[in-house]
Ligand code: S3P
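Quick heads-up: it's one chain on its own, the form predicted on its own, in structure tokens.
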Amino acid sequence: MAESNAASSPAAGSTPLQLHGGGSLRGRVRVPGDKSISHRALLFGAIAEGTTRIEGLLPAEDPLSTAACLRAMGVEVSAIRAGEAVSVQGVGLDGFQEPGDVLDCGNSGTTMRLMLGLLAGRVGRHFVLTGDSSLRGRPMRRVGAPLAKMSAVINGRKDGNFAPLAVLGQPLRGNRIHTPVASAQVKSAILLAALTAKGPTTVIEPVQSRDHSERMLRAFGAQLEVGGPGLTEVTLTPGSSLRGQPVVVPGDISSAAFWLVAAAITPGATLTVENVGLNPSRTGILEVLEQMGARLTVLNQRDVAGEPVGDLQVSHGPLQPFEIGAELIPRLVDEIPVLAVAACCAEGVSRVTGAEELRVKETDRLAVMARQLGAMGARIEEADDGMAITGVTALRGATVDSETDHRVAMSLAVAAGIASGTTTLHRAAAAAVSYPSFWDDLQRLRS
């Protein structure tokens, strides 16, 4: 498969996708590599010395955007193709060339936010980052403001909140930084900046967010300590060179979530999702499904390149409602859309609170899911920081739209599988952002 930003699926074009309700799901599926780990493997490999070889890297649009930005700054990244290892020839901590053009981050917020931290300390070099219309409307001062406390100079629209963003590399100084929200992207950007700062930097979060950056930075040779109540304080001391490493990317639990929920709510379904990353900072979805009484078993648990991995077996059964609060949101923020679908099948009212972060993702996911699932008959009451979903609700086929959000597209496909009649899904190709083969896997698993 040639490297491309197009989805290789029945939904690749602009033609709406017809999804028929009924039937069941059976079999085994292996989801694409973890998107968060894929981004970080590329970025850390680029600033390391020597070669980083990445197996299982997600060959989807967002990591391709990261790779394209790195190539524009003189980093050799081999072609990204499904089933093939990717090699990155590192240029060291200060080896980036000033690009001859604007860096295009596509639709990837991770690319843009982590790049801000990565580029802030490249003294005397100038970088401009932009993205598609969706990304240009997503807030960036949440990264720019803490980086400014380290002497970073980042300018953009609306006082630096929106791209295009200009970064003028400066000598950075370490600092002690409290982040207002628990965000792995914000934390990772600060840690990347800290690698070339003068003196140590400590990031303090309200609750712990995903810790892929901490695990991988340690593996690459960074001097990093994690502590504080609830492991919310991370301190990086600069001075160590990073060394290229072999990286094995596990399956993305956020992609696995669609199959976990689909099997739990579809009559007669039994699915096994293989080789899923089970990092404790990412397994909120498993806790919620356990809270709901889902028939879920973790099999073949093992450790791969510092990340816990296992197989997840799920089958259909009755479900209870869930309660998700702010303390759990950082560990399942991307899974809320598909959990809203699960809530439609639970006996009672499920509630999500403390989820304001969903309003500034690829779309306003709270509003979009309330709007699109509502068109299928779901009973959803939207709040500023979450939603309440009343089940059991019989969903019906309708005309719906992903609104260009990959996780919305796949969540609506899960809902369509249990709906009566046919659902017409517009902009289904959005799934390619994180799961290019989703529609092929869905067709294969349906029985």
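Keep in mind that this is a model prediction, so the values were computed, not measured. All residue numbers are counted from 1 along the displayed sequence.
The discussion below concerns the form predicted in complex with shikimate-3-phosphate (S3P), not included here.
Of the stretches 151-159, 177-185, 225-233, 90-98, only 177-185 has residues with a heavy atom within 4.5 Å of shikimate-3-phosphate (S3P) in the predicted bound form. Comment: shikimate-3-phosphate (S3P) is not present in this chain, but in the predicted bound form one of Thr66, Thr52, Ser36, Ser411 has a heavy atom within 4.5 Å of it, namely Ser36.
A heavy atom within 4.5 Å of shikimate-3-phosphate (S3P) in the predicted bound form is found for exactly one of Thr272, Thr110, Asn279, Thr196: Thr110.
Contact check for Asp334: a non-hydrogen atom falls within 4.5 Å of shikimate-3-phosphate (S3P) in the predicted bound form. Interface membership of Arg122, defined by any non-hydrogen atom within 4.5 Å of shikimate-3-phosphate (S3P) in the predicted bound form, is ruled out.
shikimate-3-phosphate (S3P) is not drawn, but in the predicted bound form it has no heavy atom within 4.5 Å of Arg215.
Contact check for His316: no non-hydrogen atom falls within 4.5 Å of shikimate-3-phosphate (S3P) in the predicted bound form. Of the residues in 41-67, none comes within 4.5 Å of shikimate-3-phosphate (S3P) in the predicted bound form through any heavy atom.
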